[in-house]
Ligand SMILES: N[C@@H](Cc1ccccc1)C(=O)N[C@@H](Cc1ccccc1)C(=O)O
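Shown here is one chain on its own, the form predicted on its own, set out as structure tokens.
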């Protein structure tokens, strides 16, 4: 029984479509939701759960993304040479699901939080588990990437070409829908509070839901097993290409003497062993791969949406009035713009340019796309400069900063050696922090008698001098010296009441004492102060990224908490997240021109049987781009983030100039015509068969081009 007969026997239809493709479409939606949902909150997990700094969090994030774009090559080799697409998807999806579950478990802080302070006691355990999970996820998502779409295409019979095109449209719609929904939902889940013993950011839920979706994806795919058309492995073309290239290089090296005549192309040195048609096909592929050399720099900028730009959003305000946007939710702007810009560009902008008589060739589009990405990073740099203007003037490593808070009953003159003089009202504070270039200070109060006390400040730190109702016991309290994480607000209370107080969600506080900082989310927050039968409620609406010290007077209960005084240690974020929209618009416009056009160009310039080789090369450019970010983040260490953005923009402009020169000298080809000519020279097939082959390949190119428009989120 031949393959066609077997396919007809096994394929059940519904409305003209194989029933099996419904399982594949649902599987793809769940898998993409799982991947993009996990990835949306990943850099914040590194930064605020594992407490890595911005550079390390960015580096590991991009190392993971790079691995995700390298493993598809492995998946393609396994599927084509060994297991076949079906088994490869099953086995690697199991690995994928285990990785997602492992990742979700690694985010449960209570596993190692023995002292129940909300912070893991054994970070090594969580880091090891999360790294294992990410490696498994990269193997899974990358391994099945080249298989699922092709496996879906295998389900259709020859008479279902119209349904096949519709399938790819729906398939890539599911990719973008899964990306959009997960990027909206998982940041909301992360922002919740959960925990067995202590309530913390709910990373277990944010990673757990994608893990559940991946398990559902696997179950759905297995459920359709009996309906699938399963083709046997056909041999991997990439391996054949590598062997042919290797033989050509080795043969050329063996005959490097001038006594051997030169050949027109270095691949012609493989003529002794390999078919001329294969060599001609490889020449066409190498011509395109040569153009790929500058392309990683685009991905270097593009994939920083999920790392640097998300971290930038944590220092901004997400209050849009009707709703509050989480920093990691800003990434949803990209898929929304993709769904909007692709049809606009395809149906309006590009045809309009063509009608104007301009030769806007694919390579020119890609060059313009790279310039748009560079402009996006210039925009990001301008936003960062605005953010930096609003940031506090933090001390350098050799400086110390001090603020003075007075909870004494009268106004005080405070003298800090050698020449700082401050007048501070009762239940007030100094206007701002005073910066010292030395650690040891002496503080004098104009009380009767004068009180003098020596202190040693922390280098590179911020502290507050608390003057209680008994000034003789004034003391230093360490302050936060960076913006509170994730746009939260750091608050603490100073007890000027005459007895112990209990404050909602805070520890009991003794007279004249100060609580440690507690992080609270944006919005209105209520605090109940209680002593015995006496109580009152204190309410305050918070913005993003501020720090406050609240002074409780002795009259707190008699005036129903209204006399509580607020001291602003750090101003809230004032630069709005909406300012990131232009940079997202520019980078997405660049993506449409570069990524979509690049896929169309690659498929049009490659022989039918070599398209998988070019897909592998395209994915490798993405992987290399992420590795570049990793290197710059770890070795660059630029003092200002805006300077790093401008560095990346400058590098991409330089690369786009190089690419435009390479594109100028590139000659567009018709692969089908070249193949037909080689076949004719070798007498491999008659004229009629040759014509039919060209028509089939052109039809395949049209289908691939249509797929390319929607393939940007793969």
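All values derive from a computational prediction rather than experimental measurement. Numbering follows the first chain given and starts at 1.
There is also a form predicted in complex with the ligand; it is not shown, and the following applies to it.
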Superimposing the C-alphas around the site, does the ligand, as posed in the predicted bound form, end up open here or blocked, where blocked is 3 or more of its atoms within 2.4 Å of backbone or C-beta atoms? blocked
Contact with the ligand in the predicted bound form for residue 492, defined as at least one heavy atom pair within 4.5 Å: yes or no? no
Counting only non-hydrogen atoms and a 4.5 angstroms cut-off, does residue 299 reach the ligand in the predicted bound form? yes
Using a 4.5 Å heavy atom cut-off, state whether residue 175 contacts the ligand in the predicted bound form. yes
Using a 4.5 angstroms cut-off on non-hydrogen atoms, would residue 335 count as touching the ligand in the predicted bound form? yes
Listed residue (403, 126, 305, 483) with a non-hydrogen atom within 4.5 angstroms of the ligand in the predicted bound form: 305
Partner-free chain; cross-checking the ligand in the predicted bound form, the single residue of 61, 69, 645, 29 with a heavy atom within 4.5 Å is 69
So which of 43 to 51, 655 to 663, 675 to 683, 30 to 38 is the stretch with heavy atoms within 4.5 Å of the ligand in the predicted bound form? 30 to 38
What residues of 579 to 596, in sequence order, lie within 4.5 Å of the ligand in the predicted bound form by heavy atom? 591, 595
